[in-house]
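Before any questions on how it binds or moves, here is one chain, the form predicted alone, in C-alpha cells.
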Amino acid sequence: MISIETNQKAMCLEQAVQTYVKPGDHLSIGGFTVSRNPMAAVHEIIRQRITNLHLYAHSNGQGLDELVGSGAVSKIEIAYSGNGRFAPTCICFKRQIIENKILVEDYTNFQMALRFLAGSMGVPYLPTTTSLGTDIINKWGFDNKLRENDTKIAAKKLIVMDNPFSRNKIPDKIVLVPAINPDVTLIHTQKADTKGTTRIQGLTFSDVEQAKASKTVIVTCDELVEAGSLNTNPGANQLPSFCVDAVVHVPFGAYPTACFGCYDYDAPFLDSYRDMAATQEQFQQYLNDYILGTKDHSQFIQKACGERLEAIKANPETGYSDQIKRK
C-alpha cells in the first residue's frame, strides 16, 4: 500500500477539494456522458456544500447533472449534457434551465473542444466554421453586464469575421471561439502515480486539453502507483506530473459511470436515478440518502450498488462488462 503522506500531491479527496475548490470558482469536469465522470470528486463538492460554481464541460452527463441538481452551479458553458438512453437530456440540468435557475451558454461539440484546446495552447481563441447559419451564433446565454462584472468570462461568446486568407471576392466567414482557462479541472483516470503523472486508457475525450488549460488540476484514479512507475512507457501517459496539483486514489471513482478497462456503467442505478431525479423534491431526497448521508465514495457505492459491483467489472479482453444488459 502507498502512503498518501509520501508525496504532497497524493492526498485524500476531502483534503483535495477543500484545498483547491472554492465557492465561485470556474470549474471544469472531464468525462463524456456516462464515461469517466469524476463522480467521487463531484460528490465531495456536494458534501462540502460548495456553491456558485461556473461550470465548463464538453459533453458531460451524471457528474454535471448532480452538481446542477444540488445547487452547486450558477452558470454553465457546454455543448451537451445527457446520460445516453438513461436520460437523453440530463434531468436536473433540463429542469433548472426551464425554471431559469441557472444561466447556460451553449456551443457545438467541436467548438467546446477548440475552446479547451486554445486554453491549453495559451492562445486567446481559435477559428472554426462550425455553427455558421445556426442560432449558436445569435443566442447568447450571458449578457454584456455579466461579462463586464466577471472578468473570467469571455468578453464575447464568439466573433464572426471575414476569413483574412480568403481569395474570394466575397470573403468566407469564420467563427472565433474564446479560450477556456478554468480555475480547477477534475478528471478521473485508470492510473496515476503519487507525483501526478496520469495515464488514461481508451478515449480521452477533452480531458487532456481541459487539464492543460486549467490553473489547478485534481486527478482521481482507480490505481495509484509509486512515483516514476509510469516512466517506463511514457508514450502511454497523457499528463506529466507538473500539470497535476493533487492526485487521489479512489477505487471506482467514476461510478456509476464507466471507466474503460476497469468497470462499466451501472445500468440499473442509472435507470433508478432517472426516477429519483424526476422532481426537485425527489432529487433532494436522493442527495440526502446517497450523498449527504454517506461519508465517502465507498459508502455511496455500497448503498447504490452493493453486490452488483461484481457484475459491472470489466472483462480484461474487451474493457467492458459482459454481464450487464444494455437494452
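Start at 1 and count along the sequence shown; that's the residue number. As the structure is a computational prediction, the values presented were derived from the model and not from experiment.
Absent from the display: the form predicted together with a further copy of the same chain. The rest refers to it.
With heavy atoms only and a cut-off of 4.5 Å, decide whether Met121 touches a further copy of the same chain in the predicted complex.
Contact with a further copy of the same chain, yes.
Interface membership of Leu114, a further copy of the same chain in the predicted complex, 4.5 Å heavy atom rule
Judged by the heavy-atom cut-off of 4.5 Å, Leu114 is in contact with a further copy of the same chain in the predicted complex.
Proximity of Tyr125 to a further copy of the same chain in the predicted complex, heavy atoms at 4.5 Å
Although a further copy of the same chain is absent here, Tyr125 would touch it in the predicted complex, with heavy atoms inside 4.5 Å.
Even though a further copy of the same chain is not shown here, does Val225 get within 4.5 Å of it in the predicted complex, heavy atoms only?
Contact with a further copy of the same chain, no.
Residues in 142 to 156 with any heavy atom within 4.5 Å of a further copy of the same chain in the predicted complex
The stretch touches the partner through Arg147, Glu148, Asp150, Thr151, Ile153, Ala154, Ala155, Lys156.
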